[in-house]
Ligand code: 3PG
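Starting off, we have a lone chain in the form predicted on its own, written out as C-alpha cells.
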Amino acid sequence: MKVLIATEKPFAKAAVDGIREIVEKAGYELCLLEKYTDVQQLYDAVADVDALIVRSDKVTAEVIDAAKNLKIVVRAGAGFDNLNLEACTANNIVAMNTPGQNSNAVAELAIGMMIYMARNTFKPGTGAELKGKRVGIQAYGNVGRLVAQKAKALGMEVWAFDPFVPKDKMEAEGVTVPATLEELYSNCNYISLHIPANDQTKKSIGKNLVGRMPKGGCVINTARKEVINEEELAQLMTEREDLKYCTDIAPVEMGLFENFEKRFFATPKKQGAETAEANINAGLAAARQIVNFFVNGDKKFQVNK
C-alpha cells in the first residue's frame, strides 16, 4: 500500500515523523508532496497511491480522477469542505476527517478572541472583563464543549444551543439551554460560533440574530465565513456602534468591515488549528485511521456515507 501526504502547507516535522512511523510499521510506503505550487504536481503524485492525507488542500473531482488506485482520503482536521464527497462516493473512495484533534486549539483561540475584543483589541481605553458575562455557544460539539469549560473557569455564565445534543446532557454540564436560537442571542454578551457551513447555515448569522444581542454584544467566529451574512452584519454594525465582530476567517468582502475601529478583527489567515499540538494530533490520527481502514475495515470517521 502506498500512502501520500499532500500538503501545500506542510505538517510539522514531528507530525511527518510520527505519520511515517505509523505507516511504515504497518508495512506501507509513505510518500511526501510538500509546498507544491502547481495542481499538476498533485495530479502526478496521486496517480498510483492507495491512500491520501491532506490538510486544507482541495481534493477535487479532477484529483480523484487522477488517483486511479485511491481507496481512502483523510482530511487531517475537523472540517472537510475541501473534499469533493460526491466524486469520492462515485469512485468508491472512503473520505474521512479527524474530529476532535484540533478542538482544544480552536477553543483556546475563541476564548483569546473574547479577551482581545473585551480589551478594545489592545488599543488605549477602558476595556471590560469576561467574568460575570454571558457567553452563548452555537453548536455544542467537541469545540463548543471545550469553550464552555474554559469560559466557566473564567467566571462566565454559559448558554448553549444545539438541536442535535440532548438538553439534559448540556444542563448536566452546567449549561443553560434556551428554547430557541433567538433566545440565545437575546441573552448573551458573546456568541461563539461552531456550526458547519451547509444549506441550512450559510448566511444565517445576520441582522435577525445579531440584532437581538444586548448592548456591547460580540460575535466570535472560529467556524466558517460562509455562515455570516456579511452585508447584513456590516449594516447592523453601522447602525449599532456598540456591536463587535471577531473572526478567524477573513470576510469575503473585507472592505465592509474596515472602518469599525476596535470593533472588528480578522486573523490574516485561519489560525484555529495552527498549534504544534493540533498539527501533530491531526496528522497522527489520519495515519491511524488509514491503517485501521486497511487492516480492520474501520470506517468510523467516514463523511461520505
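Counting begins at 1, following the sequence as shown. Note that the structure is a prediction, hence the values are computed from the model and not measured.
The form predicted together with the ligand is left out here; the points below concern that form.
The ligand in the predicted complex comes within 4.5 Å of a heavy atom belonging to residue 273.
Interface membership of residue 75, defined by any non-hydrogen atom within 4.5 Å of the ligand in the predicted complex, is confirmed. Contact annotation for residue 138: none of its heavy atoms lies within 4.5 Å of the ligand in the predicted complex. Remark: residue 9 counts among the residues lining the ligand in the predicted complex, judged by a heavy atom distance of 4.5 Å or less. Proximity to the ligand in the predicted complex, defined as a heavy atom within 4.5 Å, singles out one entry of 224, 134, 71, 145, which is 224. A heavy atom within 4.5 Å of the ligand in the predicted complex is found for one listed residue only; from 259, 56, 238, 41, this is 56. With the ligand omitted here, the record of contacts in the predicted complex names 48-56 of 251-259, 22-30, 238-246, 48-56, defined by a heavy atom within 4.5 Å. Along 23-46, no residue reaches a heavy atom to within 4.5 Å of the ligand in the predicted complex.
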